[in-house]
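In C-alpha coordinates, the next block holds one chain alone, the form predicted alone.
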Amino acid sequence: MADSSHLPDPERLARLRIVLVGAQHPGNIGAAARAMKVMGLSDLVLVAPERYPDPEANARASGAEDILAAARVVDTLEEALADTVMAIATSARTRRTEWPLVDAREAATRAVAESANGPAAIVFGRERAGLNNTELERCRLHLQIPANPDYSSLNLAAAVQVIAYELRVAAGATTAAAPAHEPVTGADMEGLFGQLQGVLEASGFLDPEEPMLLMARLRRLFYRAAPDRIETNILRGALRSLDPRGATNRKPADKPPRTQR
(Lines give C-alpha, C1' and ligand atoms only; values in the text may rest on other atoms or scores of the structure.)
Protein backbone atom coordinates (compact mmCIF):
# COMPACT_ATOMS: atom_id res chain seq x y z
CA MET A 1 0.00 0.00 0.00
CA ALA A 2 1.36 3.41 -0.95
CA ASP A 3 2.36 5.82 1.78
CA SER A 4 0.05 8.80 1.31
CA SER A 5 2.48 11.07 3.18
CA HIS A 6 4.75 11.01 0.11
CA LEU A 7 1.99 11.76 -2.40
CA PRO A 8 2.21 15.15 -4.17
CA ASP A 9 0.03 17.97 -2.92
CA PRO A 10 -2.87 18.29 -5.43
CA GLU A 11 -2.87 22.08 -5.02
CA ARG A 12 0.80 22.20 -5.96
CA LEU A 13 0.25 19.97 -8.99
CA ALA A 14 -2.56 22.32 -10.07
CA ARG A 15 -0.05 25.19 -10.26
CA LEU A 16 2.20 23.33 -12.69
CA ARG A 17 1.37 24.26 -16.30
CA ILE A 18 2.17 22.54 -19.56
CA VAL A 19 2.28 24.90 -22.56
CA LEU A 20 2.32 23.56 -26.13
CA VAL A 21 3.30 26.18 -28.72
CA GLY A 22 2.13 25.73 -32.31
CA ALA A 23 1.37 22.03 -31.98
CA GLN A 24 1.00 20.66 -35.50
CA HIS A 25 -0.57 17.24 -34.89
CA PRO A 26 -3.79 17.00 -32.84
CA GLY A 27 -2.87 13.46 -31.84
CA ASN A 28 0.11 14.82 -29.95
CA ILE A 29 -2.15 17.23 -28.08
CA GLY A 30 -4.38 14.38 -26.98
CA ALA A 31 -1.43 12.17 -26.03
CA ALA A 32 0.10 15.04 -24.05
CA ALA A 33 -3.18 15.47 -22.15
CA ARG A 34 -3.11 11.74 -21.33
CA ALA A 35 0.50 12.01 -20.13
CA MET A 36 -0.48 14.90 -17.88
CA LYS A 37 -3.49 13.18 -16.34
CA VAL A 38 -1.48 10.04 -15.54
CA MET A 39 0.85 12.22 -13.46
CA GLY A 40 -1.87 14.32 -11.85
CA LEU A 41 -1.35 17.51 -13.87
CA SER A 42 -4.33 19.42 -15.21
CA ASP A 43 -3.28 22.89 -16.44
CA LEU A 44 -2.82 22.72 -20.23
CA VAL A 45 -2.45 25.80 -22.44
CA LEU A 46 -2.28 25.59 -26.24
CA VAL A 47 -0.68 28.47 -28.12
CA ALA A 48 -1.97 28.79 -31.69
CA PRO A 49 -2.35 25.06 -32.43
CA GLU A 50 -2.62 24.23 -36.14
CA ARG A 51 -5.55 21.81 -35.77
CA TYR A 52 -7.62 22.03 -32.63
CA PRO A 53 -10.21 21.02 -31.58
CA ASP A 54 -9.98 17.80 -33.56
CA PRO A 55 -11.42 14.28 -33.14
CA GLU A 56 -7.90 12.81 -33.25
CA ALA A 57 -6.96 14.75 -30.13
CA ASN A 58 -9.92 13.27 -28.25
CA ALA A 59 -9.13 9.78 -29.50
CA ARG A 60 -5.49 9.95 -28.38
CA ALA A 61 -6.45 11.47 -25.00
CA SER A 62 -7.89 8.03 -24.09
CA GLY A 63 -9.69 9.01 -20.91
CA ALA A 64 -8.11 12.43 -20.45
CA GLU A 65 -10.78 14.32 -22.38
CA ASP A 66 -11.42 16.41 -19.26
CA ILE A 67 -7.90 17.85 -19.58
CA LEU A 68 -8.65 18.83 -23.19
CA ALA A 69 -12.03 20.30 -22.25
CA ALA A 70 -10.41 22.52 -19.63
CA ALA A 71 -7.43 23.51 -21.81
CA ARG A 72 -7.06 27.17 -22.72
CA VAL A 73 -6.29 28.16 -26.30
CA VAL A 74 -4.46 31.48 -26.71
CA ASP A 75 -2.85 33.32 -29.61
CA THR A 76 0.58 34.08 -28.13
CA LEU A 77 3.07 32.68 -25.66
CA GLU A 78 2.97 36.00 -23.84
CA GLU A 79 -0.69 35.33 -22.99
CA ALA A 80 0.10 31.80 -21.84
CA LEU A 81 2.79 33.02 -19.44
CA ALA A 82 1.31 36.33 -18.28
CA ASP A 83 0.42 35.09 -14.77
CA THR A 84 3.35 32.71 -14.26
CA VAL A 85 6.19 33.22 -11.81
CA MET A 86 8.49 30.77 -13.59
CA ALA A 87 8.68 29.60 -17.21
CA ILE A 88 11.11 26.97 -18.47
CA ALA A 89 11.52 26.39 -22.21
CA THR A 90 12.40 23.06 -23.78
CA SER A 91 15.11 23.28 -26.43
CA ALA A 92 16.96 20.51 -28.22
CA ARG A 93 19.45 22.81 -29.93
CA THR A 94 22.21 25.10 -28.69
CA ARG A 95 21.65 28.81 -29.35
CA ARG A 96 23.86 31.76 -30.21
CA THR A 97 23.09 33.40 -26.88
CA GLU A 98 23.67 30.85 -24.15
CA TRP A 99 20.88 30.65 -21.58
CA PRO A 100 20.91 28.97 -18.16
CA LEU A 101 20.43 25.29 -19.07
CA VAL A 102 19.04 22.54 -16.82
CA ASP A 103 18.10 18.90 -17.24
CA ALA A 104 14.62 17.46 -16.72
CA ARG A 105 15.10 16.71 -13.02
CA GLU A 106 16.49 20.11 -12.07
CA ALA A 107 13.85 21.86 -14.17
CA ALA A 108 11.10 20.02 -12.34
CA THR A 109 12.64 20.79 -8.95
CA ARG A 110 12.93 24.49 -9.78
CA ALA A 111 9.39 24.66 -11.19
CA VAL A 112 7.86 22.95 -8.17
CA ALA A 113 9.76 25.20 -5.76
CA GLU A 114 8.59 28.34 -7.58
CA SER A 115 4.99 27.06 -7.71
CA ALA A 116 4.67 27.99 -4.04
CA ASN A 117 4.46 31.58 -5.33
CA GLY A 118 2.16 31.02 -8.33
CA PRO A 119 1.85 29.10 -11.61
CA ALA A 120 5.04 27.62 -13.06
CA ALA A 121 5.14 26.55 -16.71
CA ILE A 122 7.12 24.15 -18.86
CA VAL A 123 6.96 25.27 -22.51
CA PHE A 124 7.20 22.86 -25.44
CA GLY A 125 7.68 23.90 -29.07
CA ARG A 126 6.55 22.73 -32.48
CA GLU A 127 7.15 19.14 -33.56
CA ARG A 128 9.35 20.11 -36.51
CA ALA A 129 11.08 23.30 -35.43
CA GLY A 130 10.67 23.67 -31.67
CA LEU A 131 10.57 27.16 -30.15
CA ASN A 132 11.94 30.19 -31.95
CA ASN A 133 14.42 32.60 -30.34
CA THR A 134 11.78 35.14 -29.31
CA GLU A 135 9.76 32.43 -27.56
CA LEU A 136 12.84 31.04 -25.83
CA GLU A 137 13.67 34.49 -24.50
CA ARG A 138 10.28 34.63 -22.74
CA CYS A 139 11.52 31.90 -20.36
CA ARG A 140 13.91 32.12 -17.44
CA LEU A 141 15.58 28.74 -17.96
CA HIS A 142 16.08 26.34 -20.86
CA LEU A 143 15.60 22.62 -20.49
CA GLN A 144 17.11 19.73 -22.40
CA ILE A 145 16.20 16.08 -21.90
CA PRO A 146 19.39 13.98 -22.03
CA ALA A 147 19.11 11.58 -24.96
CA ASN A 148 21.15 9.44 -27.32
CA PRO A 149 23.31 11.96 -29.26
CA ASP A 150 23.06 9.74 -32.34
CA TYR A 151 19.26 9.77 -32.21
CA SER A 152 17.96 12.53 -29.98
CA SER A 153 14.58 13.14 -31.64
CA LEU A 154 11.86 12.80 -29.01
CA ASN A 155 8.14 12.82 -29.82
CA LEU A 156 6.31 15.81 -28.33
CA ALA A 157 3.93 13.72 -26.21
CA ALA A 158 6.82 11.53 -25.04
CA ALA A 159 8.72 14.64 -23.95
CA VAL A 160 5.66 15.84 -22.03
CA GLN A 161 5.46 12.43 -20.33
CA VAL A 162 9.09 12.62 -19.20
CA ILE A 163 8.65 16.10 -17.75
CA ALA A 164 5.25 15.31 -16.20
CA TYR A 165 6.81 12.37 -14.36
CA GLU A 166 9.67 14.51 -13.05
CA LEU A 167 7.20 17.19 -11.93
CA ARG A 168 5.18 14.62 -9.99
CA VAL A 169 8.29 13.20 -8.32
CA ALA A 170 9.51 16.71 -7.42
CA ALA A 171 6.08 17.74 -6.10
CA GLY A 172 6.07 14.74 -3.79
CA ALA A 173 9.57 15.40 -2.51
CA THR A 174 9.36 19.16 -2.00
CA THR A 175 8.07 20.65 1.22
CA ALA A 176 5.90 23.69 0.65
CA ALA A 177 7.39 26.90 2.00
CA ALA A 178 5.98 30.36 2.41
CA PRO A 179 6.97 32.76 -0.39
CA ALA A 180 10.13 34.67 0.52
CA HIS A 181 8.91 37.70 -1.41
CA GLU A 182 6.06 38.85 -3.58
CA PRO A 183 6.57 37.15 -6.97
CA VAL A 184 6.85 38.90 -10.32
CA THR A 185 4.73 37.53 -13.15
CA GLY A 186 5.65 37.10 -16.79
CA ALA A 187 3.53 40.14 -17.66
CA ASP A 188 5.42 42.24 -15.07
CA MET A 189 8.76 41.21 -16.55
CA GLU A 190 7.62 42.01 -20.10
CA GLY A 191 6.57 45.46 -18.88
CA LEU A 192 10.03 46.01 -17.39
CA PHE A 193 11.78 44.84 -20.58
CA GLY A 194 9.58 47.04 -22.75
CA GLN A 195 10.27 50.12 -20.62
CA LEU A 196 14.00 49.35 -20.50
CA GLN A 197 14.21 49.02 -24.26
CA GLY A 198 12.29 52.27 -24.76
CA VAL A 199 14.67 54.20 -22.50
CA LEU A 200 17.75 52.65 -24.10
CA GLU A 201 16.51 53.55 -27.56
CA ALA A 202 15.59 57.11 -26.53
CA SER A 203 19.02 57.62 -24.96
CA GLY A 204 20.79 56.47 -28.12
CA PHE A 205 22.46 53.55 -26.36
CA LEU A 206 20.39 51.04 -28.36
CA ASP A 207 19.93 51.41 -32.11
CA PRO A 208 16.53 49.86 -32.99
CA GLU A 209 17.54 49.47 -36.63
CA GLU A 210 20.75 47.55 -35.99
CA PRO A 211 20.41 43.83 -35.23
CA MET A 212 22.03 43.02 -31.94
CA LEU A 213 21.74 40.72 -28.95
CA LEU A 214 21.67 43.40 -26.29
CA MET A 215 18.04 42.91 -25.19
CA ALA A 216 18.46 39.14 -25.17
CA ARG A 217 21.47 39.47 -22.89
CA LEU A 218 19.65 41.92 -20.63
CA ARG A 219 16.74 39.49 -20.37
CA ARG A 220 19.16 36.77 -19.33
CA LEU A 221 20.71 39.09 -16.73
CA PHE A 222 17.36 40.02 -15.13
CA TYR A 223 16.07 36.44 -15.17
CA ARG A 224 19.25 35.36 -13.40
CA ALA A 225 18.81 38.11 -10.80
CA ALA A 226 15.11 37.17 -10.28
CA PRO A 227 13.98 40.55 -8.85
CA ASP A 228 10.89 40.58 -6.61
CA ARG A 229 8.00 43.01 -7.05
CA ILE A 230 9.49 45.76 -4.89
CA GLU A 231 12.81 45.54 -6.73
CA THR A 232 11.02 45.56 -10.09
CA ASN A 233 9.09 48.68 -9.08
CA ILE A 234 12.35 50.35 -8.02
CA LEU A 235 13.90 49.54 -11.41
CA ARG A 236 10.89 50.90 -13.28
CA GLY A 237 10.89 54.06 -11.17
CA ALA A 238 14.59 54.57 -11.88
CA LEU A 239 13.99 54.11 -15.59
CA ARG A 240 11.21 56.71 -15.53
CA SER A 241 13.53 59.21 -13.83
CA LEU A 242 16.29 58.54 -16.39
CA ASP A 243 14.07 58.62 -19.46
CA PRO A 244 15.52 61.34 -21.75
CA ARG A 245 12.12 61.89 -23.37
CA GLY A 246 10.97 63.81 -20.30
CA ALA A 247 7.96 63.45 -18.04
CA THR A 248 5.39 64.40 -20.70
CA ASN A 249 6.51 61.61 -23.01
CA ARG A 250 6.89 58.90 -20.39
CA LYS A 251 4.34 56.12 -20.42
CA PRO A 252 4.34 52.49 -19.32
CA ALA A 253 5.52 50.05 -21.97
CA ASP A 254 2.67 47.54 -22.11
CA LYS A 255 3.75 45.89 -25.35
CA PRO A 256 6.56 43.33 -25.32
CA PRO A 257 9.88 44.63 -26.60
CA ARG A 258 11.09 43.69 -30.05
CA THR A 259 13.62 40.93 -30.11
CA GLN A 260 16.71 42.10 -31.91
CA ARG A 261 19.03 39.85 -33.84
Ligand code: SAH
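Since we're looking at a predicted model, the values are computed, not measured. Numbers follow the displayed sequence, beginning with 1.
Unshown form predicted together with S-adenosyl-L-homocysteine; subsequent notes refer to it.
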Taking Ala111, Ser115 and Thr185 as a possible spot, do all three reach S-adenosyl-L-homocysteine in the model of the complex with a heavy atom inside 4.5 Å? no
Classify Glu78 as contacting or not contacting S-adenosyl-L-homocysteine in the model of the complex by the rule of any non-hydrogen atom within 4.5 angstroms, answering yes or no. no
Though only this chain appears here, would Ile145 touch S-adenosyl-L-homocysteine in the model of the complex if you measure heavy atom gaps against 4.5 Å? yes
Taking heavy atoms and a 4.5 Å cut-off, does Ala129 contact S-adenosyl-L-homocysteine in the model of the complex? yes
Contact test in the model of the complex: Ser152 vs S-adenosyl-L-homocysteine, heavy atoms, 4.5 Å: yes
As a check of understanding, the residue in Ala92, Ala82, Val74, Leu141 with any heavy atom within 4.5 Å of S-adenosyl-L-homocysteine in the model of the complex should be identified as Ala92
The single option of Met189, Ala120, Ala170, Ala159 touching S-adenosyl-L-homocysteine in the model of the complex, heavy atom within 4.5 Å: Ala159
